[in-house]
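One chain follows as structure tokens, the form predicted on its own.
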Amino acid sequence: MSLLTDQRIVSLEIANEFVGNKSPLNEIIDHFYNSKVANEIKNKRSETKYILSVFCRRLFELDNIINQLTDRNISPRNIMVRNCIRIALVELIDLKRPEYAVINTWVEIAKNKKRLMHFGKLINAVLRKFLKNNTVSNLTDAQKVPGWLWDSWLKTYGNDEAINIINASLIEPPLDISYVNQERLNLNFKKILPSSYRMHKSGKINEIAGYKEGDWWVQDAGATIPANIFGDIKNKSVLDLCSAPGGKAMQLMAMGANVTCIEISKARISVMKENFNRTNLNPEIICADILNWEPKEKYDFVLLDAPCSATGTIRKNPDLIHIKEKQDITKNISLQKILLDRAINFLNINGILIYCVCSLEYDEGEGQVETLLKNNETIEKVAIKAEDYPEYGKFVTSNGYIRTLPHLQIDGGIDGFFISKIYKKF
């Protein structure tokens, strides 16, 4: 099999597979760059990812523009034609590349690809009409995400807040990190929250000062909050459930805790270990299914960052808009309930559980915990108060939880998290 040597064709092939299979974009990109892309263009990987991330963020808008430019919608069977035009529009609108160079290149690609060779004239006509008419999307904000997601956010947060969430979710995020070595703090990062620093226009992560030395790791500002809600855990034993990708475990260790990580995926543990080795942080790692695993002793502190829809992370993972479906929430809720029951079982009496999800969906957050509290008399909620955590005051809800929303952190946003604190009475 010959390897791909043209970066635009790589982007097109990945887009075709993503739209056809609805697999996570990062997984498809990894597969292509590990096995299908020639060495001489592997340095284009970050550019490919950027283009395809914009492709995902703006997919509804791109299709709206295309539909305005065509008398008849392009058949779903010709999705490759539509993807050519979509990517070309990303190049023209977002990358500001030379107009006719973009058009001519995509027409040539069409002429030389079996499934596209009869559509070169169509691609040329649509793109030239776009330039001539200066066509823009006429979608409302609510139409930029799937209907089920808009309905969910509208119900939970109201119209104005839901629109704010959409607009903040559909922008490229900055780079947030957490530090191990405060003494070698990279001054290019600006502190935005306790334990969290931010850089705009970061470039390649592994080329930023301090990365190879293990001074810091990538972690969204929202993801740093759960560990800090524990309070003082220096020299305390903390159980980190569903631990991958390991950011919270590293944070807990940087706070002085003795951490045990439980993770079911061997592949994800391998990635975790690379980060642990780079940062010289060494937790105990156990590869196990939480549903079957039993600890040798119980813990005073347990962190459960449960599997969820991850709709709070659309800023970084815009492919989720097109992968997730409403029925996924129901599956998540069932698993989260089981995991919460297990986590409580791992707690000592007087122990503290932090339950969090990077989801904006009520049923995975507040609804999940309220149901748990109603059905389990051995536990009670510890109300999180703004006066106790003034640095997180804007995220504290009236019912004693933390709820970060993408637009609530100025200058770049924040991942959406739900965070609760639960006490085991007996």
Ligand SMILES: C[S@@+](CC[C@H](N)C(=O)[O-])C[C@H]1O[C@@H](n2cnc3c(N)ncnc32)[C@H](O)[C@@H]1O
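Everything numeric here is computed off the predicted structure, so don't read it as measured data. We number the residues from 1 along the sequence you see.
Quick note: we don't show the form predicted together with this ligand, though the next part is all about it.
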Every residue of 243, 248 and 291 near this ligand in the model of the complex, heavy atom within 4.5 Å: yes
Residue 176, heavy atom within 4.5 angstroms of this ligand in the model of the complex: no
Proximity of residue 268 to this ligand in the model of the complex, heavy atoms at 4.5 Å: yes
In the model of the complex, residue 126 touching this ligand (heavy atom, 4.5 Å): no
Interface membership of residue 307, this ligand in the model of the complex, 4.5 Å heavy atom rule: yes
Answer range among 227 to 235, 103 to 111, 190 to 198, 257 to 265 for contact with this ligand, defined in the model of the complex as heavy atoms within 4.5 Å: 257 to 265
Contacting member of 92, 285, 339, 81, with respect to this ligand in the model of the complex [4.5 Å, heavy atom]: 339
